[in-house]
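Only one chain is given next, in structure tokens, and it is the form predicted on its own.
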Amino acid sequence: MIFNQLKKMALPNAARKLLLGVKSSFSLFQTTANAEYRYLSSVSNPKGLLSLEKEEENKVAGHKNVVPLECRFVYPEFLPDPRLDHRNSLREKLERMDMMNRRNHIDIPEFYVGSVLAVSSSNPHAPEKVTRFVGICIQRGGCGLRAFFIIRNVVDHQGVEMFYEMYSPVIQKIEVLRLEKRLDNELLYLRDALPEYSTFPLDMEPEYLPEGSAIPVNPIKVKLKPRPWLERWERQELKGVQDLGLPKRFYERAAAVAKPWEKYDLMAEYRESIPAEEQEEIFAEVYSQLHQLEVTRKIMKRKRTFVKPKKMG
């Protein structure tokens, strides 16, 4: 329309030549654009792309809602270090990828402080190049690839503790012989307890729990040996220890140095924890793979326990 109106106007020859050149270039551009648009529209439908994006968003949204709350207790090592000077989102994401790759090669089962474990690790000085140690988990901590746990046992009347990095390539197998919890988050006081509370046979057979049952909490209270101790246990709020039987002055001193207001310090709790929203995002990222590994482990466990009957006669 614009080019037809310009033709009717009285224009110099130079302007008419310029107009014809612009018209030819515009027509060529329009033809090429229409062809490319038809090609793109035949290959990828914009409506289809939008629907796929909506489906992915719905999947992610539904996936976040499916993540159970106990993940933060079963897999605490996936939560990053809450200290701000140690935070790095890229490093944390790469560590989670490495942790998942390691879990694809070795089965890291669910366990807690108080569970009895058997850990097989490579040892070049052992006759079979593998060392297997059985003990009770007395501490579990660390974040990411620095996650660790300590197990303790009394061997030949001597207390022995083994420190393991959970994602170390040295570990070949982790078995849970008795899955249970204790009344305290750490059992370091077993170092000062009587030996029978930390003694487990090296050939201990695994104790299986019914599938879907709750994790039992062992209410046992251990008895400590007489002082001296490695720590001032009377100054810690321990639930799994019997009466210490100390003179009154020890408890008075413990009450004097106690800080009962710290448990009401919301800012301290904020600095020492990861927000719930961020925890949901982290576990939504890894839960599908963890769940698939758990399902595969259960299937393989059933295959190992099933014995095909032999035909008699």
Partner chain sequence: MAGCFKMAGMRWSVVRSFQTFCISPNISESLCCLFQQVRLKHQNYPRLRNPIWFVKKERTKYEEHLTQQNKSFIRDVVHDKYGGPPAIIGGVSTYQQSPLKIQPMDRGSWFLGCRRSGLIARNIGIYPMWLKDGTRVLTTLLQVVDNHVIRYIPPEEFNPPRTSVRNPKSKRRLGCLLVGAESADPQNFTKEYCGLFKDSGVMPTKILGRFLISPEAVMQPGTPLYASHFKVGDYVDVRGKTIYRGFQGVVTRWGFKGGPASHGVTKTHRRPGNIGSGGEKARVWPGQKMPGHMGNRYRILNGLQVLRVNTKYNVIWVKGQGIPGGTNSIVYIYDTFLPLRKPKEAPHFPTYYPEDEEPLPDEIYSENLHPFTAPTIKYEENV
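Numbering follows the first chain given and starts at 1. Since we're looking at a predicted model, the values are computed, not measured.
There is another form of the same protein, the form predicted in complex with its partner chain; it is not shown, and what comes next is about it.
Though the partner is left out of this view, Leu90 does reach within 4.5 Å of its partner chain in the predicted bound form, counting heavy atoms only. At the 4.5 Å threshold, heavy atoms of Pro124 reach its partner chain in the predicted bound form. Contact annotation: Asp98 falls within 4.5 Å of its partner chain in the predicted bound form, judged by heavy atom distances.
Shown alone here, Glu175 lies farther than 4.5 Å from its partner chain in the predicted bound form, counting heavy atoms only.
Not one of Lys181, Arg191 and Trp229 places a heavy atom within 4.5 Å of its partner chain in the predicted bound form.
Heavy atoms within 4.5 Å of its partner chain in the predicted bound form are found in one stretch of 142-150, 68-76, 235-243, 108-116, which is 142-150. Put simply, of Glu128, Glu211, Glu196, Asp203 only one has a heavy atom within 4.5 Å of its partner chain in the predicted bound form, and it is Glu128. In terms of contact with its partner chain in the predicted bound form, the residue from Val217, Leu94, Val160, Ile220 that brings a heavy atom within 4.5 Å is Leu94. Shown without its partner, the chain has Glu165, Tyr167, Ser168, Pro169, Val170, Ile171, Gln172 in segment 161-183 as residues with a non-hydrogen atom within 4.5 angstroms of its partner chain in the predicted bound form.
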